[in-house]
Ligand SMILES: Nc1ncnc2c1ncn2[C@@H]1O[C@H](COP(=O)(O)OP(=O)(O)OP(=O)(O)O)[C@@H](O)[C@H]1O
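Single chain ahead, written as structure tokens, the form predicted alone.
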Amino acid sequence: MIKFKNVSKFYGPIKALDNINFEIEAGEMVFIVGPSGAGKSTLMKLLYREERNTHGQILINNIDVSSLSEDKIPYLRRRMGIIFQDFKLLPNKSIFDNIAYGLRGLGVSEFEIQKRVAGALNLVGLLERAEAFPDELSGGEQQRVGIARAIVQGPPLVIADEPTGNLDPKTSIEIFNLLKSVSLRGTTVIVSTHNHKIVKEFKERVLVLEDGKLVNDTLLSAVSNPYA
């Protein structure tokens, strides 16, 4: 589903990513880990074309996203659900309307919106908070809304960039468990995080970045510590 072929990204003289190569199959859950500045967020932004790579190819379903024209990028993102560290909820809209926002932009019927949003809220355990506003929710609840918004269109790919960066360890585990449940439904899920300790509990594939290089690519259940 996803292929990085000799991908590098420069910001002026600074090399944020250096000759990255990997493939991710449909339905996989993959963690991208590494310290601050390792290149995790840059890699994620390349996937949804917030940034364009300097060298190499990034293929999603055999489409080279790095060569897409600007007018094609919205179509690329409609096939993705994107979850951010800072939630990016609309403060003046209810939880229901935050999740329904993208569907309404696509012209989906209100009947279908009601059904899809209710299903997404039920999955993340917030159906009873549909009429609440973001500032009435905890950080963990706001990120659950972010997950519901990401999956409501049924995308084949969900990208979560440091989704627990602002959350405590207990809530972080809850969010990762939710993302795991999304993966078990057949969705490809890619999660960047600096939280090695929690990642080790999930026994999934881990790509380790250091100084912009991919230094390890392993299934966590096969080794005791891929970060050593």
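None of the values given here were measured: they were computed from a predicted structure. Note that residue numbering begins at 1 and tracks the sequence as displayed.
Another form, the form predicted together with the ligand, is not on view; read the next lines as being about it.
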Among the candidate residues Leu46, Met29, Ala38, Ile159, which is the single one with a non-hydrogen atom no more than 4.5 Å from the ligand in the predicted complex? Ala38
With the partner left out here, if you bring back the ligand in the predicted complex, are Tyr11, Thr42 and His194 all within 4.5 Å of it by some heavy atom? yes
How about Ile20 - does it come within 4.5 Å of the ligand in the predicted complex, if we only consider non-hydrogen atoms? no
Taking 4.5 angstroms as the cut-off for heavy atoms, does Ala16 touch the ligand in the predicted complex? yes
Partner-proximal stretch of 64 to 72, 30 to 38, 168 to 176, 183 to 191 relative to the ligand in the predicted complex, 4.5 angstroms, heavy atom: 30 to 38
